[in-house]
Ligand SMILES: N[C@@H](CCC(=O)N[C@@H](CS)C(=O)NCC(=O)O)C(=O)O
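Form predicted on its own, single chain, as structure tokens, below.
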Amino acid sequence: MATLKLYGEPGWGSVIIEAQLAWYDMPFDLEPVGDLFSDPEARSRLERINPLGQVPTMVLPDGSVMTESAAMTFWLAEQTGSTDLVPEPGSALRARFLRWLIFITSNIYPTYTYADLPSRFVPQEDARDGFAAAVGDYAKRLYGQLAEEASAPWFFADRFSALDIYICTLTHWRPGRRWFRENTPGLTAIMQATKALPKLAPVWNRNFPDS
């Protein structure tokens, strides 16, 4: 029987789904994609499966392709019949979960897409640094909004969810651990609590070994 395949790279956005698969104890094959920014062949190979050339990308056991981490988050919850990471419909937390999951994936996450390699979007070389800086400043504002809504040790206080996995991943990226610690201590607390979960420790250690 075919198994689920996750395309990703250590420390990249695929860790968000890798952690969820580990949480659910779902078998999967991890397919390294290489550096999609510096290796045109790596990007070309992935684009044959996902035209956006982004991770995470999943190939399901039936051969169909799934992209977009929010969609994967709901699909995995449905496949497992679990409400561990996604509050069930009708629950008091469902609306807030939906709001902030989509806030992260549609607002915060794209700031990395645009600023990781500005040359993809800004043809004028002398304008790229300014573009990246502006996107970075915008990301900080977005993180401030997210932090205002966050409780501790989990986003929903005493209820662990997929939002905590997202936050744990994102706080390893720009603008850096020190900035998060000084400006959004609540998000840092969520990151620390999530990394302390024994079930997910191998995922974090593999993806962020120097943290």
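When you see a residue number, it is the position in the sequence shown, counting from 1. Because the structure is predicted, anything quoted here is derived from the model rather than measured.
What follows is about the form predicted together with the ligand, which we do not show.
Stretch 37-45 is the contacting one of 24-32, 37-45, 174-182, 149-157, since its residues have non-hydrogen atoms within 4.5 Å of the ligand in the predicted complex. This chain appears without its partner; in the predicted complex, the one residue of Q79, S119, T113, N107 with a heavy atom within 4.5 Å of the ligand is T113. In the predicted complex, at least one heavy atom of V55 sits within 4.5 Å of a heavy atom of the ligand. Residues W12, G13 are the members of 3-25 with a non-hydrogen atom no more than 4.5 angstroms from the ligand in the predicted complex.
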